[in-house]
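A single chain comes next, written as structure tokens; it is the form predicted on its own.
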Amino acid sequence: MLDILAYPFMQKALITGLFLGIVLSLIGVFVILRRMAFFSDGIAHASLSGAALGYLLNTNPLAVSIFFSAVFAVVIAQLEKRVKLSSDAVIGLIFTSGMAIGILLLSLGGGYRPELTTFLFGDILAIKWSEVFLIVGLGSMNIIFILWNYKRLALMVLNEDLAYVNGIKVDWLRNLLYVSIAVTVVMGMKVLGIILVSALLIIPIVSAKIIARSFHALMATSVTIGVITVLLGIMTSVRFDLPTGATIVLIGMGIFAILAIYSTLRQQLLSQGKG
């Protein structure tokens, strides 16, 4: 297995996986606390329009998808604020509109494009260096944004009114959070695809909540689990010639199951000890 690390495709996959494991796990903390799992799923599907336009214009579809996802995120944030509709309804509108635009653009480009399967199912082993640099650059910016603002973000997602009272510019911070989530989701599509990308926003944080006892520990544990899940998933998929996205998700579920069993057994032992 060590010999394969000399191959460029594996180096690109591991570098990308490392950054995505960190940023998806960090942003996933706020996705779960704010209950935005449907938001991330909706953005992933809506960004298909960006990928389709990228292929139609013969430019980088990942870059165009990231731009479209950021626009969709701001639109969702503004509609939530100004229109008396639930978040789910607003996201559903953007979800379906984005998908419709993507399908229309695909029809203008001569129908189905085989390259789009990388956005539907992910293919980190086929990632290009230009995409690696884009993901590392944007991923680093997202990591800095989260770590610099995590206290304000935590207060905002838990209690917006209290955040207002404490002088936090909630509207501005909410827009930035939504854009950060959207950009992160689209970057993750190169690994897991539209169908599975939300899993890596959810599994590490849900697993971390089992054993973490503070917010700081929750973030650190989530990142640790996310990085282990992605890197182990990539190595396993290469070793046994398995679909990378599905392998990563199943390894993440395996880690969750182990931690859940450990927590259950620990609680039983503690209960017996008190008895």
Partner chain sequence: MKILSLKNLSVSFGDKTVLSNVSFDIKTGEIAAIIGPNGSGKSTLFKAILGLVPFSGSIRISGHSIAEELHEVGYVPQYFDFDRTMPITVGELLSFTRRRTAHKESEEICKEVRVDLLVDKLIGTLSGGQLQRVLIAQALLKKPKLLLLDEPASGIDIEGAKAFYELIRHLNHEHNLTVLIISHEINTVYDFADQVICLNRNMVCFGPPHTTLDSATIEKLYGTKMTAHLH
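For clarity, every value in this text was computed on a predicted model and none was experimentally measured. Residue numbers count along the first chain shown, from 1.
What follows is about the form predicted together with the partner chain, which we do not show.
> L33 versus the partner chain, in the predicted complex: is there a non-hydrogen atom within 4.5 Å?
Residue-level check for L33: yes, a contact with the partner chain.
> Wondering, does L218 line up within 4.5 Å of the partner chain in the predicted complex on heavy atoms?
L218 belongs to the contact set for the partner chain.
> Find out whether any non-hydrogen atom of G137 is located within 4.5 angstroms of the partner chain in the predicted complex, and reply yes or no.
Taking the distances in the predicted complex, the answer for G137 is no, it never comes within 4.5 Å of the partner chain.
> Does L158 reach the partner chain in the predicted complex if we count a contact as any heavy atom within 4.5 Å?
Looking in the predicted complex, residue contacts with the partner chain include L158, since a heavy atom lies within 4.5 Å.
> Any idea which of 177-185, 86-94, 160-168, 196-204 reaches within 4.5 Å of the partner chain in the predicted complex, heavy atoms considered?
Looking at the partner contacts, the answer comes out as 160-168.
> Using heavy atoms only and a 4.5 Å cut-off, determine which of A52, I225, L62, V29 is in contact with the partner chain in the predicted complex.
Checking each option against the partner chain in the predicted complex, the one that comes within 4.5 Å is V29.
> Which residue, A212, L250, L242, L57, is the contact with the partner chain in the predicted complex, using a 4.5 Å heavy atom cutoff?
That would be A212.
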